[in-house]
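Okay, so here's just one chain, in structure tokens, the form predicted alone.
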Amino acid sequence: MSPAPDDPAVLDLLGLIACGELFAFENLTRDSALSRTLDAKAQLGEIACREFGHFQLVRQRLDDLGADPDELVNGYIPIMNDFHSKTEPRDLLEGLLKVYVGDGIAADFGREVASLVDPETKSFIDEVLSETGQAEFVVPYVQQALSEDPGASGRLALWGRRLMGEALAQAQRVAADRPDLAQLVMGGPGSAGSGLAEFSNMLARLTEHHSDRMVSLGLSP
């Protein structure tokens, strides 16, 4: 049985999504400012605006459910700060790869967990995530950069693995810090989760999707 829309686990999930969207907006704004071409600036700026729009939608949803959006979002800020401090890009190319990888991981995770919540919340999350894939413009940009500097492929492949590793580490931290959300994913009172085995399978699927994205860039997973 799926938890109610105002179940603490569902509110925790929405708080996590909102915080992720807010940080995505901030990082995309920074990357846009660092871009040297007008096209890259425009693309990153457009995605940043949409991410902020997503943040506002989720924040309003939390408010409508009678929750405190600020409390829920602020609770994830230390985790987000830790992830982004450990994955600070050294140049625009690493920043663009982080945009592409981060966009994909967030969308994959959101869709995985949305399958465990009530139909109304699932529909809402799917709507918020429906505009993901905007970072696809990164693919030809990185491919062009690699054609001009093939030696950068090894560095970027390592960077991609580091991003995924840190994302998985922070996911485990979220599970430890947010027992209601962990129960939703892994099973427990009031949860739709299927247990530890399914959680491991979910992480494996996230890793597989990440590998596919790296291959699409011409990088080893």
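When you see a residue number, it is the position in the sequence shown, counting from 1. It should be emphasised that the depicted structure is a prediction, and the values quoted were computed from it without experimental measurement.
From this point on, the text means the form predicted in complex with another copy of the chain, which you will not see here.
Student: Counting only non-hydrogen atoms, which stretch in 148-156, 66-74, 161-169, 177-185 is within 4.5 Å of another copy of the chain in the model of the complex?
Tutor: Result of the contact check: 66-74.
Student: Looking in the model of the complex, is another copy of the chain within 4.5 angstroms of a heavy atom from every one of F25, T29 and Q56?
Tutor: So, yes: the whole triplet contacts another copy of the chain.
Student: Should A33 be counted as a contact of another copy of the chain in the model of the complex, where contact means heavy atoms within 4.5 Å?
Tutor: Answer yes; at least one heavy atom of A33 falls within 4.5 Å of another copy of the chain in the model of the complex.
Student: Does any part of C49 reach within 4.5 Å of another copy of the chain in the model of the complex? Heavy atoms only, please.
Tutor: Yes, C49 lies within 4.5 Å of another copy of the chain in the model of the complex.
Student: With a 4.5 Å heavy atom cut-off, would you call A42 a contact of another copy of the chain in the model of the complex?
Tutor: Residue-level check for A42: yes, a contact with another copy of the chain.
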